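Only one chain comes next, encoded as structure tokens, the form predicted alone.
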């Protein structure tokens, strides 16, 4: 029997315990032995909970228990999660985590520590919740030269954009509804400002190229500037607005960004609605692949965590190799990257001034609006910035994808 300790008894931690206990028989068959939750670390008590007798408040209880084989980290944040996980790996215990902040900040280091001690640091649940994406990149696509990873990596913002399209509501109304349904936190900045998606695309990009990508280096825009008017323009253009984490890999150049994009209705990401996530991966041989499902939630995420625990148990004494060098990859300047832009400007800006600044454009007409809107030809980001300065203040700008 393999004994595990769970760090954090919140949404994901409680889900992990439930998965282990509910699916005990099938997990035992697949792991080759029974898995037992021995300790649960949390600052709180849980009177009346069926696992209240397993709750401890001091990590040293777990650290000093020689029976613990695997640590499940569901605390979130970098500290004390990083300290506890590092101690576990140095002590020869494998770790499974759902913590995107931890993986994005310290993934390469913790992978190396695990390799040195012939244990494992696995993190399938850190991106996409219950969607398999880490393993496909590391195993199924290991023969590929991955040229693009793009995805809807945050269910909260995807739900909000859907409601803005379906109901015509404002950003503020969509956010309030998301909070009422429990999809958005009281302080939703991590979601709506793009920070959550940024950490996830940093992890995926690091795995795709096998080298550390710092999330702090990734240009990040959220959806706070998106309005119901933008949604209406998108509809007449045959496009959907999606918050994407996107990495384009061109030889040794890597362009990473998080921002709202106008996605063509024919693109596989366009049909992803509600709180679902989807991750699009393009390889030079396999071409286009997409991974879709519930990107958050207690049980979907916990299921991915316990799948990692099963892998840890099946590989006791053997490290599962993950190629992720700790040396930092310097990202290429997005200014070099070319794409089309959707632009809204004041009504008094002349067509001649628009063409003088941007060259040939396709004008977009939406009745009843005292403004002008257009789509540029494919131009570099830095060229667009210089052109926009000629016009002055813009009402809004959204990049096109596909």
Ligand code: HSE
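Numbering follows the first chain given and starts at 1. None of these values were measured; they are calculated from a predicted model.
If you look for the form predicted together with the named molecule, you will not find it shown, but the lines that follow are about it.
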{"property": "Heavy atom within 4.5 Å of the named molecule in the predicted bound form - residue from 191, 308, 73, 230", "result": "191"}
{"property": "Listed residue that, although the named molecule is not shown, lies within 4.5 Å of it in the predicted bound form (heavy atoms), from 97, 156, 206, 94", "result": "156"}
{"property": "Partner contact for residue 183 in the predicted bound form: the named molecule, 4.5 angstroms, heavy atom", "result": "yes"}
{"property": "Heavy atom of residue 196 within 4.5 Å of the named molecule in the predicted bound form", "result": "yes"}
{"property": "Exercise: residue 296 in contact with the named molecule in the predicted bound form, heavy atom 4.5 Å", "result": "yes"}
{"property": "The named molecule contact in the predicted bound form: residue 200, any heavy atom under 4.5 Å", "result": "yes"}
{"property": "Contact segment among 146 to 154, 107 to 115, 214 to 222, 314 to 322, judged by heavy atoms lying within 4.5 Å of the named molecule in the predicted bound form", "result": "146 to 154"}
